[in-house]
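Before any questions on binding or motion, here is one chain by itself as structure tokens, the form predicted on its own.
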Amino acid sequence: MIIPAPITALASFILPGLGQCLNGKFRRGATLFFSFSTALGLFLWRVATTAHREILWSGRFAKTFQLEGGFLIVVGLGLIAVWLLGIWDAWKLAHLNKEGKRQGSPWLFVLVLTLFFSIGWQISEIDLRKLGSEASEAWVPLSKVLWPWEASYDAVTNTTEASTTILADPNGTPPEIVPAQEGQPSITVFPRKGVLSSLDENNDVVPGTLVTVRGKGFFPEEEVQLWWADAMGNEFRPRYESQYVTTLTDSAGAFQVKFAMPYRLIPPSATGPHIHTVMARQIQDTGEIVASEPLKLTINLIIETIFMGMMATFFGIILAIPVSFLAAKNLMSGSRLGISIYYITRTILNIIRSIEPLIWALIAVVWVGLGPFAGIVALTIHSVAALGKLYSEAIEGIDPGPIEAIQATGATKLQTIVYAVIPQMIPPFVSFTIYRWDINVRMSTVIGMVGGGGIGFLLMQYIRLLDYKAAGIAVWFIAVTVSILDYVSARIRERFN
């Protein structure tokens, strides 16, 4: 029975999708209703969050129009268009086409998808202009990650150093001069007491006493860096006229440089004479290259990451195999008890599998503490659920012929599994196991970020310290390791397929 077009149109005018349902297109009508309701709800939610301080909806819409007028207009017009096109669609469904079929507007759900895309564009704050205009800002860290090898080695250096003391008090008695050893570099400072730089009321630096540092016995015609250690032993490089204080030695290995005593914040509780230390350092490259600390740490932790994935896969296999038999419907459907165990096992596996390894890692860190063991526990739990599902589906897909033949001889349940099920399970089991090992190695780089051990923890530390070259070394090792494991696992799966 075809409902008259005016009635179906009026029904969709009152409630989107109702006219389609009256014409027997229940799925179409329900889809339209829930799509329109969801879009309207998201639209109102966005307005409410954008103008959350406004109480009345009129004020919220006015504030949203002020802040995000384009979103309000586009989505508002889209909702109206979907509503009107839904009325038109219900009207068309009430008429028969040339083939005697009822056919609605093909553009209705295209418009619905466009509406959801517009809402998603706004909620996710996509800004293509910013993506293009600020691409140069991203290139600096990205270039360091793509080519980080300068940070993978350190040059062995020789440091030649000499120091002397100076008093940060113009009225006190400077410390005694320690005579330099014969054949060793030495420096002197004049005057041997003075006033540190300070800050005025505008936080501008007021230069302190101008001192002259003279040195001798250094390597000739090479750079010398001046360092300063305050009364509490904190070392830093002083700056003068916006530049670090450096100089070059002459052909005899001597130098002379002037700069103002630097600014240092001294705690009010500090008592006694404030004796500071002036140091001159010459750093020479010996030509020998050694592995840097980031490279050593990365190698150690990538090995730890690989074995985390391997151990988690091993424990996952041991626990998943017996569970997979309980989750296989063709093996457990012989009795009510068996089918009950099947549904319970499946439900537990689905719950465990739905929780990401990252969440299990957070729980494991609280359970067993920081470190790789927590990562192994998290990956093992998730592996049992994932492998249990894959193994059980492999069991359900085996050929029933051998099972029926074995059962016809009067074999027990255990004998049926050993002689008819297990021989058919080996190829898919090996394939799923290798694939899971690959997944566990990749996941172990992620769970390390929450303290689950492995290279992920180191990677997060480097990123937080903005050491992108060290982070790039870790990224390269992760990428190479995953690629190698993917190749090896593919070759192993080929041999068993």
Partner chain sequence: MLEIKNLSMTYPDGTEALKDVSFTVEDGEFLVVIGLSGSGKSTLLRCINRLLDPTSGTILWNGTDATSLGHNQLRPLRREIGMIFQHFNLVKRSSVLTNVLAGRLGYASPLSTLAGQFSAADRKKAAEALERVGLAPQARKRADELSGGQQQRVGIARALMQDPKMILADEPVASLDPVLAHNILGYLEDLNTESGITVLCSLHYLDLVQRYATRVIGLRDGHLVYEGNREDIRSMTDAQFKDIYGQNAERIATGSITGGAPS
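Not measured: the values here are computed from a predicted model. Positions refer to the first chain, counted from 1. Between two forms, the rigid core is the largest collection of C-alphas that superpose within 1.5 Å.
Keep in mind that the form predicted in complex with the partner chain is not shown, yet the notes after this line are about it.
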>> Using a 4.5 angstroms cut-off on non-hydrogen atoms, would Thr409 count as touching the partner chain in the predicted complex?
In response: yes
>> Even though the partner isn't displayed, in the predicted complex is Tyr419 close enough to the partner chain, meaning a heavy atom within 4.5 Å?
In response: yes
> Closest heavy atom of Glu221 to the partner chain in the predicted complex, within 4.5 Å or not?
Replying inline: no
>> When the contact criterion is heavy atoms within 4.5 Å, does Pro267 count as touching the partner chain in the predicted complex?
In response: no
>> Only one of 346-354, 382-390, 420-428, 232-240 has heavy atoms within 4.5 Å of the partner chain in the predicted complex; I'd like to know which.
In response: 420-428
> Looking at Gly401, Pro170, Gly183, Gly287, which has any heavy atom no more than 4.5 Å from the partner chain in the predicted complex?
Replying inline: Gly401
>> Just to be sure I understand the contacts: of Ala405, Ile339, Leu146, Val368, which is the one whose heavy atoms reach within 4.5 angstroms of the partner chain in the predicted complex?
In response: Ala405
> Cα of Glu404 displaced 2 Å or more between this form and the one not shown, core superposed?
Replying inline: yes
